[in-house]
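In structure tokens, one chain follows: the form predicted alone.
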């Protein structure tokens, strides 16, 4: 059976009823539930904390009905917190995966999971994860944009993005971050982005798995433009575009685009071909 959350309505027709109680609690109803293999389509971002609770309610309901469930969710929140650096820090990525598998997910299908760094099927936090990459779709889209402007060279803004670009002959820059800043926001300032290869006269696509506040991308654009790049495009699988970063990026490069894993004004590439086998 296929169950589709309202927040997946841009790709599939929703059939799950969701409401909110007066106190803010979630109400979910999965109609026609049966004791058979099922697939649940539900985004976990934006409003990730609320979306996670909704996922737990739906997965547990399916588990109680005896319906083993493949959970399709394009972006996995808390995936940047798969390591701890100080005593007492939460290992959030593992905790979230524990929650999902205990709620009833037999497998998570996601796209460019931040801590996996390659395509394939893995087990993390007790959860089987099928990680699919959108890199080919994004690169093809960039090439279509530059059809009349010659070839494009794909590069990663840091070594974490290497897996997205290396199979296409791309190279990666190196990013150095500082310590977490004081205050209520967990943010490590980018101290520098360094490059050891030439970009002069080339059309460049800077490709990453996510654009959050845009700090990494902006510094990467500045670096390659200083190196003499001709045209510069920025792309990512997941676009958060916090702190007006989309407008900032548009102001420094020739174009910005992402997939609709998280729908936004910059979502020019559909993830449908990546997950259609589960439709």
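Note that the structure is a prediction, hence the values are computed from the model and not measured. Positions refer to the first chain, counted from 1.
Omitted from view is the form predicted in complex with ribose-5-phosphate, to which the following refers.
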TL;DR on 225-233, 51-59, 27-35, 209-217: the one with heavy atoms within 4.5 Å of ribose-5-phosphate in the model of the complex is 209-217
**Asked** Quick one: in the model of the complex, does every one of 114, 158 and 177 get a heavy atom within 4.5 Å of ribose-5-phosphate?
**Response** yes
- Message: Can you tell me whether residue 118 touches ribose-5-phosphate? I mean in the model of the complex, with a 4.5 angstroms heavy atom cut-off.
- Response: no
Self-check item: is_contact(residue 136, ribose-5-phosphate) in the model of the complex, heavy atom dist at most 4.5 Å
Solution: no
Taking heavy atoms only, is residue 190 within 4.5 angstroms of ribose-5-phosphate in the model of the complex?
yes
message = Since only the chain is shown here, I'm wondering whether residue 106 would be in contact with ribose-5-phosphate in the model of the complex (any heavy atom pair within 4.5 Å).
response = no
Applying a 4.5 angstroms cut-off on non-hydrogen atoms, the residues of 26-64 near ribose-5-phosphate in the model of the complex are none
